[in-house]
Every structure is written in structure tokens, then in C-alpha cells.
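The chain below stands alone, shown as C-alpha cells; this is the form predicted alone.
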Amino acid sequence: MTSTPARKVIFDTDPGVDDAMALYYALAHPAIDVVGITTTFGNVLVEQAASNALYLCALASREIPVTVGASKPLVKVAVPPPDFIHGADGLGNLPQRVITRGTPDPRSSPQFIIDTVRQSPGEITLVAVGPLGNLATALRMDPELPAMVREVILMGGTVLESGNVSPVAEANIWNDPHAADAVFTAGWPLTMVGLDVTHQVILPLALFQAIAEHHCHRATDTLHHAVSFYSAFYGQHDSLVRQVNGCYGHDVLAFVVLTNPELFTLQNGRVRVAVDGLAQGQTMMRRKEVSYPQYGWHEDIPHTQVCMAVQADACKAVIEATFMRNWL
């Protein structure tokens, strides 16, 4: 009996506390092979994002190519990183960092995506959990890319749940709405993991304390510190999360969709992004086959799989079991 090979993944990310959580879930899971990390602005500036990715990999004794990518949105004016959520360093203001080695791959993130996908056509899954400038730029550089990517899973957007940067917009999409609309309309197999499900999965801080105590390792100690800062923010601003003393799972759910899709209810529909105005960053989903007079909803727009519901308790159990594995 042969086992299924691990899924090759390029992780497009802006670490970020929940990004760190997602990265370590991916490194801990035997069904995931992270072949590269492409970084972008978002939770921190892109240079800090690359530094954090290198640091997290070094703590976990993993040598994975890390590239520097989008430093600002394609069109809109950039906004300062949310240091009140993730800390000025993106990892909850670590009191100190151990000295590690490692420098970024000299290629840009879009070029790395193109090179890696072309080297292994049909094998690479892109898991994107930040603003989508790297993917949009790669599409512009290589229009044949959608036919060669195995799958794209992105954490971003919302259909029915309220937004987290406006009443209708989620932060990753809002940060670079023009890039997001290009990604949603590219025609590759695409799954959206948005606030409709991530707001259903609240991970207790006690879980990350237990993970740190189980492993007694600098990597999980660092994650516990970062999640503590992140949870404190949510505790001040979200009464539902405050009851749990934890945080939303957000980015890690993009990988849980990859490893355990049976825990999610998905719906197909055409998704577009509002690129300006009060609704900037809104992910609008055509859920019924209705002929609309508004331009932009024509039949050539590809379908997106959107996660609309999640088995939250089962999801949390998968996350806990994965982190408790012997992976460090």
C-alpha cells in the first residue's frame, strides 16, 4: 500500500501572527510540503514579512526558499501595517530574537511562483493568506499560469459575514482590491476561505500554551508569545473572543481546507471585488444564475469555491492534533 505524496505548496504570506500559526501547521502536517514562501506587505512591511518567514523557518530547523514580493498595492495608496494587532515586528513584539542565518532568495516572489510552477506543472498549490499582489503580478507576467497551477486556496473576503475593515470588506482583499479581482477572475481552480468560516473558529490561547509546554521548543514558545499578543487585541475588541480568551483561526484555515476539506461546506459562484468607493474590497458573489444588466457578471467569469460553513469543533481538533505531532 502506497501513501499519497505530500501536496507541494507555495505559501504566499505576510507574517503576521496567524500567518505564523498557518506556517507551523503546514510544517507540522505530513500531507504538506512547503516548497517556497513568497512574502508580501500586509500585516507588516514586506521586508519584515520576509525576515519573519526566515526566522520562523530557522527556529523550526527548516530550510525553505523565502522571497520578497509586493511592497504596496497595485493601485490604491498603502496604509500603515496594523501593529496594534500583530505587534510592530509582526510576531507580538518579541523581547529578543536568537541569531539565525538565512537570506532571501534573490528572485522576486512573482518570479519564484512562475519558476516553481513551470518546473512542476500541475503539482503546485498556492496558499495565499495576505494581499494578493504577488499572484496578480505573476498572472500578468505569465498569462499561462492558471493552466499550470494545481489549485489556489486563499484566506480572504466574506460573503455573508460582516467585514473586519469595513462593514463589507475583509482586510487582505481591502489591502489590494485590484490584485484580488485579478486573482478571482484568472480562471484557475480557486477556493476562498473567508470570514464566513474563520469567524466560526476561535482558538483558545490555552491551546498554544499546551502546544508550547508539550514541545518545549523555541519555535512553539515564539508562537505562544505571538498568539498571546494577538489574543489580547481580540480580547479588547471582540466580546465573543473575549469569552474564550483566544483568537480567530483565520490563516490556518486555508491549510485545514487543504488537508481536511470534508469539514467545510462550499458553494460555487462567480466572485468579483469592488475596487473603489465605500465598498472597496467587498467580495461580491453571484450565487444564483441570474442575468444581471450590470457589466462584470458575464458567463466568462470563472467560478470560485467559497467556504460558507465549517465544523468548528472538528476543525479545532485537527489543528490541535497536527501541532501536537512530533514535528520539531
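Just so it is clear, the model here is predicted, and its values are computed rather than measured. The first residue of the sequence shown is number 1, and the count goes up from there.
Just so you know, the form predicted in complex with a small molecule exists too; it's not on screen, but the next bit is about it.
Only one segment in the set 137-145, 221-229, 246-254, 100-108 has any non-hydrogen atom within 4.5 angstroms of the small molecule in the model of the complex, and it is 246-254.
Proximity of T116 to the small molecule in the model of the complex falls outside the 4.5 Å heavy atom cutoff. Among heavy atoms of V129, some come within 4.5 Å of the small molecule in the model of the complex.
For L74, no non-hydrogen atom is located within 4.5 Å of the small molecule in the model of the complex, even though that partner is not displayed.
Although the partner is absent from this view, T158 stays clear of the small molecule in the model of the complex, with no non-hydrogen atom inside 4.5 angstroms.
Residue in contact with the small molecule in the model of the complex (any heavy atom within 4.5 Å), chosen from A171, L190, L203, V149: A171. Using a 4.5 angstroms heavy atom cutoff to the small molecule in the model of the complex, none of D176, R272 and T304 count as contacting.
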